[in-house]
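In the form predicted alone, a lone chain appears below as structure tokens.
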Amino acid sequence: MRWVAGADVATSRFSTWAWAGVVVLRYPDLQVVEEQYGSAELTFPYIPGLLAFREIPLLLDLFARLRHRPDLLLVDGQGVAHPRGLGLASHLGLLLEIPTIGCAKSRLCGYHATPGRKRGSSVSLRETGRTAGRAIGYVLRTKNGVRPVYVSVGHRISLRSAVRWTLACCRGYRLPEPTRQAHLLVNRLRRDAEGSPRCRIRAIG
């Protein structure tokens, strides 16, 4: 493992624009080596569970620009822990053919117990419905006492490996460093654009 990437998208409350970012970090020291970012006006409507159709076109453009091809990708979104079994992380992993982990801040489906409060504690996220009880992810505590994250398989990785790599990419924060850096990047871009003296959202990058 040499390059680990994180991807995230931020949207505006005041317009139909969105900002996407991909950050590549060197493993294991997790130093940022490359950032790609951009913005665009969204054309696909907001439909819960179908965010991939809004966000993936922006992200694919950024991955096409990368000079460092990631060995692993962490996405701020769901993998198979999705009502249709194919969230943003799975869509993106399939299109890029990169091992991909979904690491979401909230649960989209399924049920689970409460994990222990120490870093590394986890419980399985179980599916409901016809395949009730099947593990579709893990609820993972990445830092002592903070809210857990929801880890699931995106593409070309096992669930246990997804949990192991998520923990390996954490550096004292709730979010693993690749998605944390991507989250910081896109929200900085959004704030800068929305705070423009011209009071107008504009393309960046």
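Residue numbers here begin at 1 and follow the sequence given. Not measured: the values here are computed from a predicted model.
Omitted from view is the form predicted together with the DNA, to which the following refers.
The closest heavy atom approach of L51 to the DNA in the model of the complex falls within 4.5 Å. Residue contact with the DNA in the model of the complex: R119 places no heavy atom within 4.5 Å of it. Using a 4.5 angstroms limit between non-hydrogen atoms, A135 is distant from the DNA in the model of the complex.
For H112, no non-hydrogen atom is located within 4.5 Å of the DNA in the model of the complex, even though that partner is not displayed.
Shown without its partner, the chain has D76, G77, Q78, H82, G87, L88, A104, K105 in segment 67-105 as residues with a non-hydrogen atom within 4.5 angstroms of the DNA in the model of the complex.
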